[in-house]
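Before any questions on binding or motion, here is one chain by itself as C-alpha cells, the form predicted on its own.
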C-alpha cells in the first residue's frame, strides 16, 4: 500500500513539473497589442503574447483577478523589471525601450508565463 501511495505521489510531482516548467505551449498566431489589458487569472496571462514597438518605452496594464500568492508579482527578468499586482486593480508596468526580439515575463514562481514580442 505504501508503495502505491509513493508511486502516485511521484507521478503527481512529475506531472506538475512537466505542466508548469517543461511543456511547450503552442504559440498563438495572433499577438495582442500593448494597449490591451493583460488579465491575470486561472493560472495564465491573457493574452500571453503582447506586441510592442521596437526602441520605444512601453506601459503595459495588468489586471489581477487571481488572489493566489503566485500571481502577486509579474517579472520581466531580462529587463530587470518587476511589479506587484494588487487584486482587482489595474497596475501599470513601465518598460524601457528595447531591441527587437522576444522577452519572457512570468510570476515570481515562473508558473504564469507570457511573451513580450518587440517588433
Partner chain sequence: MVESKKVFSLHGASCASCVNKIETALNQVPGVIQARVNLAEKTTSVWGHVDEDACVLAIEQAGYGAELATVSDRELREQQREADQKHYRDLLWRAGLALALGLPLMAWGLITGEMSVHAPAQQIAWGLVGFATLAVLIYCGGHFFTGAWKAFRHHNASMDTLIALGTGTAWLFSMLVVVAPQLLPEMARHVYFEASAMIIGLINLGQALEVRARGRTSAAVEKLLQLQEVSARVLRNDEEVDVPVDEVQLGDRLRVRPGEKIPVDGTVLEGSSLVDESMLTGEPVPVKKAQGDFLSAGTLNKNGSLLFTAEKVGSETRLAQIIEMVKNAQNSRVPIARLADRISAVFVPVVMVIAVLAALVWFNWGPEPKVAHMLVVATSVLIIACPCALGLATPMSVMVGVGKGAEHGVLVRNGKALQQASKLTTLVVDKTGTLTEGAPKVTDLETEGDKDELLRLVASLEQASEHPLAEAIVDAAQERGIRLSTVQHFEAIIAHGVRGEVDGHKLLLGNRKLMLRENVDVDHWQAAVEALAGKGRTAMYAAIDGRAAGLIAVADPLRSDARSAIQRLKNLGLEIQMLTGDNGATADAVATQLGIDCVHAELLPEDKENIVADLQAKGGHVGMAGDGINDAPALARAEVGFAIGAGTDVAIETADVTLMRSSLHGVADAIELSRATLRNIKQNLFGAFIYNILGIPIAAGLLYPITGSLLSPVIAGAAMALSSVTVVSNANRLRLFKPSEVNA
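Positions refer to the first chain, counted from 1. Given the structure is predicted, the values throughout are model-derived calculations rather than measurements.
From this point on, the text means the form predicted in complex with the partner chain, which you will not see here.
A.B. asks: Does the 4.5 Å heavy atom contact test between residue 95 and the partner chain in the predicted bound form come out positive?
C.D. replies: Contact with the partner chain, no.
A.B. asks: Using heavy atoms and a 4.5 Å limit, would one call residue 119 a contact residue for the partner chain in the predicted bound form?
C.D. replies: No, no contact at 4.5 Å.
A.B. asks: Answer yes if any heavy atom of residue 16 is within 4.5 Å of a heavy atom of the partner chain in the predicted bound form; otherwise answer no.
C.D. replies: Although the partner chain is absent here, residue 16 would touch it in the predicted bound form, with heavy atoms inside 4.5 Å.
A.B. asks: Within 4.5 Å, heavy atoms only: does residue 12 come near the partner chain in the predicted bound form?
C.D. replies: Taking the distances in the predicted bound form, the answer for residue 12 is yes, it comes within 4.5 Å of the partner chain.
A.B. asks: Going by heavy atoms, what in 102-119 lies within 4.5 angstroms of the partner chain in the predicted bound form?
C.D. replies: In sequence order, 108, 109, 110, 111, 113 come within 4.5 Å of the partner.
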